[in-house]
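Take a look at this single chain in structure tokens; it is the form predicted on its own.
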């Protein structure tokens, strides 16, 4: 049986839907499970029952400080070994993102996965096109961001979910593989042009000040978001690659359309 962690999150829920469409039995695990899911709380080892699971799709529990993320992943990998899981598929971060503020937790987890004694596959996911669009800020004059003219090899979340389903559905064919799953490069200017508005670039210092002044952000988030901005701005996140299209066996979803839709949905007065 396949288990997908974080089952109520956007990536995991789409992956479960993809598996269902392919006729592949799978079970979701969640901190807040529905009736059809298994209770799985990485912060509570007593809930980590992986009995009967052969393939574990470990969706990164990255919404926390690095030490907490790594501890969570170590705990679930320990449970996987204990309960007889044979293969773990981990959703990591694109190789081009090594400089990003949240990369260390991913790379540490990759080390643990490789050293777990289980068969493994690592999916190095690019940054979501949905995220790129959502990080653009609306002003009365149009859009602004700290991305400058830099490009991001953005990828639609749905494509990453489909790729995860392909790998989890036939894990032995992908054992010991690291896939870099990125899309086509897009810029903030491209998104603004698609929406018919101008784009204004702000400095990284101004962007960081805004982040630090946002009471809705947790302490680890401002440096994480600032690292994305400088990475895009200075051309570190625009590398493309063939892995995603090869896994899917079809053209990729247009990331510019996805990013523009996400930006449009955040426009004041659209709700």
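Positions refer to the first chain, counted from 1. From a predicted model like this one, the values you see are computed outputs, not experimental measurements.
Below: the form predicted together with a small molecule, not depicted.
- Of the heavy atoms in residue 183, none are within 4.5 Å of the small molecule in the predicted complex.
- Residue contact check for residue 128: one or more of its heavy atoms lie within 4.5 Å of the small molecule in the predicted complex.
- The shortest heavy atom separation between residue 263 and the small molecule in the predicted complex exceeds 4.5 Å.
- When contacts are judged by a 4.5 Å heavy atom cut-off, residue 230 does not count as touching the small molecule in the predicted complex.
- Residues with any non-hydrogen atom within 4.5 angstroms of the small molecule in the predicted complex fall in just one of 40-48, 240-248, 215-223, 202-210: 40-48.
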